[in-house]
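Consider the single chain below, provided in C-alpha coordinates and representing the form predicted alone.
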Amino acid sequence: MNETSPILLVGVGTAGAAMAHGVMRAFAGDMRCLVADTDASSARPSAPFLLLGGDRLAGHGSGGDVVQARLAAEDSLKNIDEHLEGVRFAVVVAALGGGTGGGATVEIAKRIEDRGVPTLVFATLPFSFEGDERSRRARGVTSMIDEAASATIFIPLDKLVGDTDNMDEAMRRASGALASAVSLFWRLLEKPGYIRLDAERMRRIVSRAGRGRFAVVTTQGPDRAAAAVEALTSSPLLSGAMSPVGSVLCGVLAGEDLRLSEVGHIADGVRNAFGRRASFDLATVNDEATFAGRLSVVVMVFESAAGAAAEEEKAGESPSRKQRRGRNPLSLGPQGRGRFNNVEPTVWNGQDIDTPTFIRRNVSLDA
(Lines give C-alpha, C1' and ligand atoms only; values in the text may rest on other atoms or scores of the structure.)
Protein backbone atom coordinates (compact mmCIF):
# COMPACT_ATOMS: atom_id res chain seq x y z
CA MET A 1 0.00 0.00 0.00
CA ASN A 2 1.42 3.36 -1.08
CA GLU A 3 1.17 5.59 1.98
CA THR A 4 2.88 8.55 0.27
CA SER A 5 0.56 8.96 -2.73
CA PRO A 6 -1.21 12.35 -2.86
CA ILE A 7 -4.41 10.61 -4.03
CA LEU A 8 -6.67 8.47 -1.86
CA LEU A 9 -9.25 6.05 -3.27
CA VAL A 10 -12.21 5.37 -0.96
CA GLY A 11 -14.73 2.61 -1.64
CA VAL A 12 -17.99 3.05 0.30
CA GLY A 13 -20.48 0.23 0.85
CA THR A 14 -20.30 -3.35 -0.40
CA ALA A 15 -20.55 -2.44 -4.09
CA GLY A 16 -18.21 0.51 -3.59
CA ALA A 17 -15.68 -1.79 -1.97
CA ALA A 18 -15.89 -4.16 -4.95
CA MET A 19 -15.40 -1.21 -7.32
CA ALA A 20 -12.38 0.02 -5.37
CA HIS A 21 -10.75 -3.41 -5.52
CA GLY A 22 -11.52 -3.52 -9.26
CA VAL A 23 -9.82 -0.17 -9.77
CA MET A 24 -6.75 -1.43 -7.90
CA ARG A 25 -6.59 -4.54 -10.09
CA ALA A 26 -7.00 -2.48 -13.26
CA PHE A 27 -4.26 -0.08 -12.21
CA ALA A 28 -1.93 -2.99 -11.37
CA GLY A 29 0.23 -0.70 -9.26
CA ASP A 30 0.71 0.55 -5.74
CA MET A 31 -2.39 2.58 -4.90
CA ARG A 32 -3.45 4.29 -1.68
CA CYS A 33 -6.92 2.97 -0.81
CA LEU A 34 -9.45 2.80 2.03
CA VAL A 35 -12.59 0.66 2.08
CA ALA A 36 -15.46 1.68 4.38
CA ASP A 37 -18.59 -0.40 4.93
CA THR A 38 -21.18 -1.32 7.54
CA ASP A 39 -20.71 -4.97 6.49
CA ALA A 40 -17.56 -6.57 7.88
CA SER A 41 -17.42 -9.10 5.03
CA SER A 42 -16.15 -6.35 2.67
CA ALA A 43 -12.73 -6.42 4.35
CA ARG A 44 -9.85 -7.60 2.11
CA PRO A 45 -6.10 -7.88 2.79
CA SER A 46 -5.31 -5.62 -0.18
CA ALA A 47 -6.59 -2.40 1.44
CA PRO A 48 -7.19 -0.91 4.90
CA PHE A 49 -10.78 -1.47 6.04
CA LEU A 50 -12.94 0.84 8.16
CA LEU A 51 -16.00 -0.75 9.74
CA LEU A 52 -18.75 1.86 9.96
CA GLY A 53 -20.98 1.82 13.05
CA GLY A 54 -19.49 -1.28 14.61
CA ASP A 55 -21.21 -0.68 17.95
CA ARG A 56 -24.49 0.20 16.24
CA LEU A 57 -24.73 -2.49 13.55
CA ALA A 58 -22.16 -5.08 14.73
CA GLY A 59 -20.75 -5.46 11.22
CA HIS A 60 -23.93 -6.95 9.76
CA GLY A 61 -24.65 -4.13 7.28
CA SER A 62 -27.34 -1.46 7.20
CA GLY A 63 -30.07 -3.70 5.73
CA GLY A 64 -30.72 -1.15 3.00
CA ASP A 65 -31.56 1.56 5.54
CA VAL A 66 -30.08 4.90 4.44
CA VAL A 67 -30.63 6.51 7.85
CA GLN A 68 -28.84 3.70 9.72
CA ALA A 69 -25.97 3.88 7.24
CA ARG A 70 -25.69 7.62 7.70
CA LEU A 71 -25.67 7.29 11.50
CA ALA A 72 -23.11 4.47 11.28
CA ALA A 73 -20.84 6.69 9.20
CA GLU A 74 -21.21 9.53 11.70
CA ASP A 75 -20.17 7.13 14.49
CA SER A 76 -16.92 6.36 12.67
CA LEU A 77 -15.94 9.64 10.98
CA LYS A 78 -13.04 10.39 13.30
CA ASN A 79 -11.36 7.16 12.18
CA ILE A 80 -11.06 8.50 8.61
CA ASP A 81 -8.70 11.31 9.59
CA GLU A 82 -5.64 9.09 10.07
CA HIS A 83 -5.90 7.99 6.43
CA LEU A 84 -5.82 11.58 5.13
CA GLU A 85 -2.25 12.49 6.07
CA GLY A 86 -0.48 13.79 2.97
CA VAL A 87 -3.58 13.39 0.77
CA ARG A 88 -4.09 16.22 -1.75
CA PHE A 89 -7.36 14.97 -3.19
CA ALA A 90 -9.64 11.95 -2.87
CA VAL A 91 -11.72 9.82 -5.22
CA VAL A 92 -14.77 8.12 -3.67
CA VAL A 93 -16.58 5.25 -5.44
CA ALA A 94 -20.02 4.00 -4.39
CA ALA A 95 -23.24 2.49 -5.71
CA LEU A 96 -26.49 4.28 -4.90
CA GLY A 97 -29.88 2.70 -4.32
CA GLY A 98 -29.07 0.56 -1.29
CA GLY A 99 -28.27 1.67 2.23
CA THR A 100 -24.58 2.23 2.91
CA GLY A 101 -23.66 3.62 -0.52
CA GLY A 102 -26.27 6.36 -0.26
CA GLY A 103 -26.22 7.09 3.45
CA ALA A 104 -22.50 6.87 4.22
CA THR A 105 -21.10 8.49 1.07
CA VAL A 106 -22.59 11.87 1.99
CA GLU A 107 -20.99 11.89 5.43
CA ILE A 108 -17.63 10.50 4.31
CA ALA A 109 -17.27 12.97 1.44
CA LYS A 110 -18.21 15.85 3.72
CA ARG A 111 -15.65 14.76 6.34
CA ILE A 112 -12.87 14.57 3.75
CA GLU A 113 -13.80 17.98 2.35
CA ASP A 114 -13.90 19.47 5.84
CA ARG A 115 -10.28 18.36 6.22
CA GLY A 116 -9.37 20.52 3.22
CA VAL A 117 -9.16 17.69 0.67
CA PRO A 118 -11.14 18.20 -2.59
CA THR A 119 -13.17 15.09 -3.32
CA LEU A 120 -14.50 13.60 -6.55
CA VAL A 121 -17.35 11.09 -6.14
CA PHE A 122 -18.07 8.44 -8.79
CA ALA A 123 -21.45 6.87 -7.94
CA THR A 124 -23.47 4.43 -10.02
CA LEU A 125 -27.27 4.63 -10.36
CA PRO A 126 -29.26 1.36 -10.41
CA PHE A 127 -30.26 -0.63 -13.48
CA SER A 128 -33.86 0.11 -14.49
CA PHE A 129 -34.84 -3.51 -13.81
CA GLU A 130 -33.93 -3.04 -10.13
CA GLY A 131 -37.21 -1.17 -9.64
CA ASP A 132 -38.54 2.32 -9.07
CA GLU A 133 -37.92 2.29 -5.34
CA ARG A 134 -34.15 1.82 -5.66
CA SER A 135 -34.00 4.44 -8.41
CA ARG A 136 -35.90 6.98 -6.29
CA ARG A 137 -33.68 6.22 -3.31
CA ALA A 138 -30.55 6.70 -5.42
CA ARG A 139 -31.64 9.93 -7.04
CA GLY A 140 -32.86 11.27 -3.70
CA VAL A 141 -29.30 11.45 -2.34
CA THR A 142 -27.56 12.89 -5.40
CA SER A 143 -28.15 16.52 -4.39
CA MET A 144 -26.77 15.80 -0.93
CA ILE A 145 -23.64 14.23 -2.42
CA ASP A 146 -23.34 17.26 -4.71
CA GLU A 147 -23.34 19.43 -1.62
CA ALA A 148 -20.81 17.31 0.26
CA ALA A 149 -18.20 16.82 -2.49
CA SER A 150 -16.26 19.17 -4.77
CA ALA A 151 -17.09 17.15 -7.87
CA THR A 152 -19.57 14.38 -8.65
CA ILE A 153 -20.18 11.99 -11.52
CA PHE A 154 -23.38 9.92 -11.34
CA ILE A 155 -23.33 6.99 -13.74
CA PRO A 156 -26.54 5.23 -14.91
CA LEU A 157 -25.62 1.56 -15.17
CA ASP A 158 -28.06 1.13 -18.07
CA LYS A 159 -25.99 3.55 -20.14
CA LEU A 160 -22.67 2.27 -18.91
CA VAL A 161 -23.13 -1.30 -20.11
CA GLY A 162 -24.61 -0.47 -23.52
CA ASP A 163 -26.68 -2.94 -25.53
CA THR A 164 -25.30 -6.24 -24.25
CA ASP A 165 -27.77 -8.83 -22.94
CA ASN A 166 -25.17 -10.98 -21.25
CA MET A 167 -25.02 -10.24 -17.52
CA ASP A 168 -21.40 -11.29 -17.08
CA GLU A 169 -20.29 -9.19 -20.06
CA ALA A 170 -22.37 -6.25 -18.84
CA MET A 171 -20.72 -6.25 -15.43
CA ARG A 172 -17.25 -6.63 -16.94
CA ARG A 173 -17.91 -3.70 -19.25
CA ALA A 174 -19.23 -1.55 -16.42
CA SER A 175 -16.32 -2.39 -14.12
CA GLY A 176 -13.77 -1.85 -16.88
CA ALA A 177 -15.11 1.56 -17.89
CA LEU A 178 -15.32 2.78 -14.31
CA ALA A 179 -11.85 1.45 -13.46
CA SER A 180 -10.37 3.15 -16.54
CA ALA A 181 -11.83 6.51 -15.55
CA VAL A 182 -10.96 6.33 -11.87
CA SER A 183 -7.44 4.94 -12.32
CA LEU A 184 -6.66 7.73 -14.81
CA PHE A 185 -5.57 9.98 -11.95
CA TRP A 186 -3.01 7.48 -10.65
CA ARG A 187 -1.73 6.70 -14.15
CA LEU A 188 -1.21 10.41 -14.85
CA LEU A 189 1.10 10.61 -11.84
CA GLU A 190 2.84 7.26 -12.17
CA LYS A 191 3.25 6.97 -15.97
CA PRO A 192 3.04 10.44 -17.53
CA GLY A 193 3.50 10.75 -21.28
CA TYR A 194 4.20 13.78 -23.50
CA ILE A 195 1.85 16.03 -21.54
CA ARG A 196 1.91 15.78 -17.76
CA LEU A 197 -0.76 16.76 -15.26
CA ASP A 198 0.70 16.88 -11.75
CA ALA A 199 -1.08 16.34 -8.45
CA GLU A 200 -1.53 20.03 -7.67
CA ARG A 201 -3.11 20.76 -11.05
CA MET A 202 -5.46 17.81 -10.62
CA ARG A 203 -6.35 19.08 -7.16
CA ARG A 204 -7.35 22.45 -8.62
CA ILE A 205 -9.40 20.80 -11.37
CA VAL A 206 -11.31 18.65 -8.87
CA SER A 207 -11.86 21.51 -6.41
CA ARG A 208 -13.83 23.58 -8.93
CA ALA A 209 -15.50 20.91 -11.05
CA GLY A 210 -19.09 20.45 -9.82
CA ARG A 211 -21.34 17.81 -11.41
CA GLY A 212 -20.13 16.04 -14.52
CA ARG A 213 -20.20 13.04 -16.83
CA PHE A 214 -17.57 10.75 -18.24
CA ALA A 215 -16.94 8.28 -21.03
CA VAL A 216 -14.11 5.90 -21.94
CA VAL A 217 -13.34 4.57 -25.42
CA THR A 218 -10.61 2.20 -26.65
CA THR A 219 -9.58 1.97 -30.29
CA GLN A 220 -6.79 0.57 -32.45
CA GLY A 221 -5.65 0.67 -36.06
CA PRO A 222 -4.35 3.46 -38.31
CA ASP A 223 -7.38 5.71 -37.76
CA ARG A 224 -7.72 5.06 -34.04
CA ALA A 225 -7.66 8.76 -33.04
CA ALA A 226 -10.51 9.65 -35.40
CA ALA A 227 -12.44 6.56 -34.25
CA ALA A 228 -11.99 7.59 -30.61
CA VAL A 229 -13.36 11.08 -31.23
CA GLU A 230 -16.36 9.69 -33.12
CA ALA A 231 -17.12 7.20 -30.34
CA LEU A 232 -16.86 9.87 -27.65
CA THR A 233 -19.11 12.37 -29.40
CA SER A 234 -21.81 9.71 -29.82
CA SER A 235 -21.44 8.16 -26.34
CA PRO A 236 -24.75 7.89 -24.44
CA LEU A 237 -22.85 8.67 -21.24
CA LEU A 238 -22.08 12.17 -22.52
CA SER A 239 -25.40 12.82 -24.25
CA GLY A 240 -28.59 14.39 -22.93
CA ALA A 241 -29.45 17.72 -21.39
CA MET A 242 -26.99 19.32 -19.02
CA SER A 243 -25.89 22.85 -18.23
CA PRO A 244 -23.39 24.47 -20.58
CA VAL A 245 -19.99 22.83 -20.23
CA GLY A 246 -17.62 24.68 -17.92
CA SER A 247 -14.58 22.40 -17.92
CA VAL A 248 -13.26 19.31 -19.69
CA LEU A 249 -10.55 16.87 -18.59
CA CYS A 250 -9.19 14.62 -21.34
CA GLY A 251 -6.74 11.78 -20.72
CA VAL A 252 -5.06 9.94 -23.61
CA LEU A 253 -3.60 6.56 -22.65
CA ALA A 254 -1.37 4.69 -25.10
CA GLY A 255 1.88 2.84 -25.64
CA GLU A 256 5.13 4.10 -27.10
CA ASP A 257 3.58 4.35 -30.57
CA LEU A 258 1.40 7.34 -29.64
CA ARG A 259 1.89 10.15 -32.16
CA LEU A 260 1.62 13.85 -31.39
CA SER A 261 -0.69 14.22 -34.39
CA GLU A 262 -3.08 11.76 -32.72
CA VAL A 263 -3.05 13.78 -29.50
CA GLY A 264 -3.78 16.95 -31.46
CA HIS A 265 -6.61 15.31 -33.39
CA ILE A 266 -8.22 14.05 -30.16
CA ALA A 267 -7.83 17.41 -28.38
CA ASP A 268 -9.38 19.33 -31.28
CA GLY A 269 -12.22 16.83 -31.65
CA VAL A 270 -13.10 16.89 -27.94
CA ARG A 271 -12.97 20.68 -27.73
CA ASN A 272 -15.12 21.07 -30.83
CA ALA A 273 -17.67 18.61 -29.44
CA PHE A 274 -17.98 20.02 -25.93
CA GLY A 275 -17.31 23.72 -26.35
CA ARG A 276 -14.16 25.70 -27.05
CA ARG A 277 -15.12 28.25 -24.41
CA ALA A 278 -14.87 25.62 -21.69
CA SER A 279 -11.74 25.24 -19.58
CA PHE A 280 -9.76 22.37 -21.14
CA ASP A 281 -7.09 20.20 -19.53
CA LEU A 282 -5.26 17.50 -21.48
CA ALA A 283 -2.79 14.90 -20.28
CA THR A 284 -1.24 11.75 -21.70
CA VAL A 285 -0.20 8.44 -20.18
CA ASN A 286 2.60 6.29 -21.63
CA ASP A 287 2.05 2.68 -20.58
CA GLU A 288 3.48 0.25 -23.12
CA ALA A 289 2.71 -2.83 -21.04
CA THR A 290 -1.02 -2.07 -20.85
CA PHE A 291 -1.78 -0.13 -24.04
CA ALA A 292 0.66 -1.41 -26.66
CA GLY A 293 -1.03 -0.97 -30.06
CA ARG A 294 -4.17 0.46 -28.44
CA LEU A 295 -5.44 3.91 -27.63
CA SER A 296 -7.77 4.70 -24.72
CA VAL A 297 -9.32 8.11 -24.18
CA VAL A 298 -11.09 9.18 -21.00
CA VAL A 299 -13.17 12.37 -21.09
CA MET A 300 -14.77 14.03 -18.06
CA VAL A 301 -17.14 16.91 -18.80
CA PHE A 302 -18.28 19.21 -15.97
CA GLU A 303 -21.07 21.77 -15.84
CA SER A 304 -20.50 25.49 -16.18
CA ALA A 305 -20.81 26.19 -12.45
CA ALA A 306 -17.07 25.52 -12.47
CA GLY A 307 -16.47 28.92 -14.05
CA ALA A 308 -17.95 30.83 -11.13
CA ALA A 309 -16.10 28.58 -8.70
CA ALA A 310 -12.82 29.38 -10.43
CA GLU A 311 -13.43 33.11 -10.00
CA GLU A 312 -14.09 32.59 -6.29
CA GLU A 313 -10.87 30.60 -6.03
CA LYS A 314 -8.94 33.48 -7.62
CA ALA A 315 -10.45 35.77 -5.00
CA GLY A 316 -8.86 33.64 -2.28
CA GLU A 317 -11.78 31.51 -1.11
CA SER A 318 -10.74 27.98 -0.17
CA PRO A 319 -12.10 25.15 -2.36
CA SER A 320 -14.11 23.40 0.34
CA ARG A 321 -15.74 26.61 1.60
CA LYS A 322 -16.27 27.86 -1.95
CA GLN A 323 -18.10 24.72 -2.94
CA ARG A 324 -20.54 24.83 -0.06
CA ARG A 325 -21.28 28.53 -0.25
CA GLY A 326 -22.91 28.26 -3.67
CA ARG A 327 -24.87 25.07 -3.12
CA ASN A 328 -28.30 24.12 -2.00
CA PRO A 329 -28.01 24.25 1.83
CA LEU A 330 -29.38 20.74 2.28
CA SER A 331 -27.33 18.58 4.58
CA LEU A 332 -27.62 15.34 6.51
CA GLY A 333 -25.20 16.70 9.07
CA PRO A 334 -25.89 19.11 11.92
CA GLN A 335 -25.24 22.29 9.92
CA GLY A 336 -28.18 24.08 8.35
CA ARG A 337 -30.88 22.19 10.30
CA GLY A 338 -31.94 25.04 12.62
CA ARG A 339 -33.90 23.81 15.63
CA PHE A 340 -33.34 20.21 14.55
CA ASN A 341 -29.57 20.48 15.18
CA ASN A 342 -29.52 18.10 18.14
CA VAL A 343 -31.95 15.46 16.93
CA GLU A 344 -31.65 12.69 14.39
CA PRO A 345 -32.96 13.70 10.93
CA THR A 346 -36.18 12.38 9.44
CA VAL A 347 -35.11 10.95 6.08
CA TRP A 348 -37.62 9.84 3.45
CA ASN A 349 -36.54 8.73 -0.03
CA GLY A 350 -33.05 9.92 0.80
CA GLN A 351 -34.10 13.48 1.75
CA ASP A 352 -33.99 15.19 5.15
CA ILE A 353 -37.63 16.28 5.42
CA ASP A 354 -36.93 18.25 8.60
CA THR A 355 -35.36 20.79 6.21
CA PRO A 356 -37.97 23.20 4.79
CA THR A 357 -39.29 22.31 1.35
CA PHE A 358 -38.21 25.59 -0.25
CA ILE A 359 -34.61 24.87 0.82
CA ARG A 360 -34.67 21.24 -0.35
CA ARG A 361 -36.01 22.33 -3.73
CA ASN A 362 -33.65 25.33 -3.96
CA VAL A 363 -36.52 27.81 -4.36
CA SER A 364 -35.70 31.50 -3.83
CA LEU A 365 -38.21 33.52 -1.81
CA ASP A 366 -38.87 37.14 -2.72
CA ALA A 367 -37.93 39.60 -0.02
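Computed from a predicted model, the values in this text were never measured in an experiment. Residue numbers here begin at 1 and follow the sequence given.
Form predicted in complex with a small molecule: not shown, discussed below.
The shortest heavy atom separation between residue 98 and the small molecule in the predicted bound form is within 4.5 Å. Although the partner is absent here, residue 157 is a contact residue: one of its heavy atoms lies within 4.5 angstroms of the small molecule in the predicted bound form. The small molecule in the predicted bound form comes within 4.5 Å of no heavy atom belonging to residue 11.
Under a 4.5 angstroms non-hydrogen atom cutoff, the small molecule in the predicted bound form has residue 126 among its neighbouring residues. The contact residue chosen from 290, 175, 142, 220 relative to the small molecule in the predicted bound form is 175, the criterion being a non-hydrogen atom within 4.5 angstroms. With the partner omitted from this view, the residue of 281, 262, 130, 190 that lies near the small molecule in the predicted bound form is 130 [heavy atom within 4.5 Å]. Contact annotation for the candidate site: 32, 119 and 199 all lie away from the small molecule in the predicted bound form (no heavy atom within 4.5 Å). Partner contacts here mean any heavy atom within 4.5 Å of the small molecule in the predicted bound form, and among 221-229, 100-108, 181-189, 199-207 they occur only in 100-108.
The pair residue 173 and residue 296 is at least 3 angstroms farther apart at the CA level in the predicted bound form than in the present model. Annotation: residue 172/residue 283 CA-CA distance longer in the predicted bound form than in the displayed model, change of at least 3 Å.
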